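To begin, one chain is listed below as structure tokens, in the form predicted alone.
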């Protein structure tokens, strides 16, 4: 069994006068703090914080605003390195010695800040928290954007992968960066994930004289060099029409579609608005979705989307995908948007035809070619990311054979649906066969060649 660690101090409210004032700073100056907050700092017998916070406090001591409240030099405690040990020492100072302590922090200490760590050893009634605007709030303010609908992730002392995973599913996000995960590392991870953004900004040293807010693109973010303690703001993805990201319309029982829907593989054609039967049949769609082998994250193109049934189902099955439905007919594209909204699926609708409409899209990990023929298939293969997969459907065997030559695998899907007879019996009504090609096939995955005539007995 592992040896027990040092005992943890848990402080409960008592008669001792010591309190811990946690003061948030915007930038690196204390001069602009309100009078009552400056008095809190001045009465502390110990000042704790990061090295830059302590440096700001020392500069402040010579300022007139410090002299007004009688601030004097006192012992300091750097909250770096062994943070847990430093917080334990701080708690002892406040509780056992009854001294007032001031902790200087950036922005709002309760927002990805020191408050959570302090509460491990101090009762909340010992704390007096005076927040400043958080760095995230200031970053969005500098960009002129609201942020009540933003996802905020931190890469400070946390795995970068967790932050990227949260950002993938957000229309608007902010990432707090750190020396171990600076802004460029966030950019590299997002580029590798195949994301596309409408707005990217790096906001550094907010509230300081050398504050810097830069708008750029993901490639520039990935290859640049930035202050590691920054906020990366992301809006997107794609700068294209985004539909279906809400919970959808209320159902008959008054609950949202998001709460009431179930995951089905191959929804019936009646679930989608379409024109004249121009929708991938449910059985064929089931095969297509299976052959696509949808990943948990990545980019999917649905080319010649028609009703958008494949794009919508792919987005429902794998919500971590960024899905683009490309359709050249404006009326059909509007139906794709309608279907995505009705089904509460995250789909970006692009009006246009391949290859021209693909120029500004991120490279795909998966592509479904439902329309556009061989030219659309070739355009998809030119852009496919390594390890990706394309699935294409055709009604004509000659075009399907051309696709099979490129992709390496093909199957015919023939479906007969049962129909009720007037006497109550059943008959089978066959639908036109559909050829499904997929690949590119690895050599070991490709089907073996049939023996030639000379090999026959």
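Numbering follows the first chain given and starts at 1. Everything quoted here is computed from the prediction, not taken from an experiment.
The protein also exists as the form predicted together with a small molecule; that form is not presented, and the subsequent description refers to it.
- Under a 4.5 angstroms non-hydrogen atom cutoff, the small molecule in the model of the complex has residue 106 among its neighbouring residues.
- A residue is said to contact a partner when one of its heavy atoms sits within 4.5 Å of a partner heavy atom; residue 58 fails this definition for the small molecule in the model of the complex, lying far away.
- Although the partner is absent here, residue 172 is not a contact residue: none of its heavy atoms lies within 4.5 angstroms of the small molecule in the model of the complex.
- Not displayed here, the small molecule is kept clear of residue 339 by more than 4.5 Å at the level of heavy atoms in the model of the complex.
- Heavy atoms within 4.5 Å of the small molecule in the model of the complex are found in exactly one of 296 to 304, 325 to 333, 283 to 291, 106 to 114, that being 106 to 114.
- This chain appears without its partner; in the model of the complex, the one residue of 206, 358, 185, 321 with a heavy atom within 4.5 Å of the small molecule is 206.
- Site annotation in the model of the complex: the residue of 39, 417, 45, 52 reaching within 4.5 Å of the small molecule with a heavy atom is 52.
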